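Coming up is one lone chain in structure tokens, specifically the form predicted alone.
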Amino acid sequence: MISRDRLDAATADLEPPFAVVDLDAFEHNADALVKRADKVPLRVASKSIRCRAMVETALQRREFFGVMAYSLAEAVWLADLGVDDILVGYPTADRAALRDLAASEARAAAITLMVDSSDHLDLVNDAAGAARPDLRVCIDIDASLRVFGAHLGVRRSPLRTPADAERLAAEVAKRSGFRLTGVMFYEAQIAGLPDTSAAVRLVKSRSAAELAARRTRVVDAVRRIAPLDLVNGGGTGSLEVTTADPVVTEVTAGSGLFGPALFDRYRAFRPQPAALFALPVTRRPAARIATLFGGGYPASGPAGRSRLPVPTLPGGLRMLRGEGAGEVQTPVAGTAARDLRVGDRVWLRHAKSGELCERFDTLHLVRGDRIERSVPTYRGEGKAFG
């Protein structure tokens, strides 16, 4: 269990701000993901980790077999470091990275590109040239729910129907230099939506039923064009739903390893808080308010309180509505603030997962009441992939 005394003891020699990963919680969360995936292989979402050592830690488990990268440049870097199965989760317009990919047969064998239009194929040809190894391609399919003209989900692929997918699959198949290997469906309206109301749960249920039927038809249509190595789906928030569909061959998860604050509002599961950061108290402007240094680490997504870090230890603290998380200082209020003194630490959790690592060069890996080792984040390795 998360303990302020234990974290403070383990990191007594560090000066905040700094970030930690509780290895016991990380391993508990990995066990929970494996159980929820129900024997379907798991791909690690690197955007939710952004620390090579922690990605490698997950991949040491036999149930985790590869990486979903969020950037082609990142994928090239990981492939050169020995990761041999990388699905790039988003289309790329990075011409330099495409040239790097095409320059190496080993990279081309390890990395699968994501596309959802012939424009992507044109861009790849223009950047990588004709004299190249065949490049692996996965087609991204819109997994959103359409109800009475409303679009419930994220705006990703323009492809939705079996006919849409079959047309692009045929286009890939007729072009030299490409090999169609997979299709992906990311159901953000299920995986990324907390269970905040009965209406949300109804949308999730209805979306899962609609997608299961449509996904089978889409996969059948694409398989008429080419055999498929993978049918990818899901995220931390939808593993049970996605793996219930027998057409799915793999699922992706990452956030569930770190247990960020957004998952506190899910009903089906709740990961343990594994990634936290410590900020020092620098002021006491009032009896029930303590001011922390830094803390302005909002998460991406629609602006609002749900995207702010969450004061976690000691319990009973909250941010002020009028200030939120500030660039150089963050006031926190509550009964627990009475006992905080200048120089004390407050432990917080980021609303999302990997974005925390864009703020820190190092993750200190805690086991029990000691630091087992300290490892660089992507930022600490001098990598910024967007």
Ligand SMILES: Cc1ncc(COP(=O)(O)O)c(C=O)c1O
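A residue's number is simply how far along the shown sequence it sits, counting from 1. All values derive from a computational prediction rather than experimental measurement.
Heads up, the form predicted together with the ligand isn't pictured, but that's what we're talking about next.
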Open item on the list: So, a 4.5 angstroms cut-off on heavy atom distances: do all three of Met184, Thr252 and Phe263 pass it with respect to the ligand in the predicted complex?
Closed with: yes
- [ ] Could you tell me which one of Leu356, Met68, Cys51, Leu348 places a heavy atom within 4.5 Å of the ligand in the predicted complex?
- [x] Met68
TODO: May I ask you to choose, among Ala45, Leu340, Ala30, Met319, the residue with a heavy atom within 4.5 Å of the ligand in the predicted complex?
DONE: Ala45
TODO: Specify the contacting stretch among 85-93, 285-293, 116-124, 164-172, defined as having any heavy atom within 4.5 Å of the ligand in the predicted complex.
DONE: 85-93
TODO: Using the partner position in the predicted complex, report whether Gly234 sits within 4.5 Å of the ligand, counting heavy atoms only.
DONE: yes
Open item on the list: Can you tell me if Arg156 lies within 4.5 angstroms of the ligand in the predicted complex, counting non-hydrogen atoms only?
Closed with: yes
Open item on the list: Using a 4.5 Å cut-off on any heavy atom, which residues of 370-386 would contact the ligand in the predicted complex?
Closed with: none
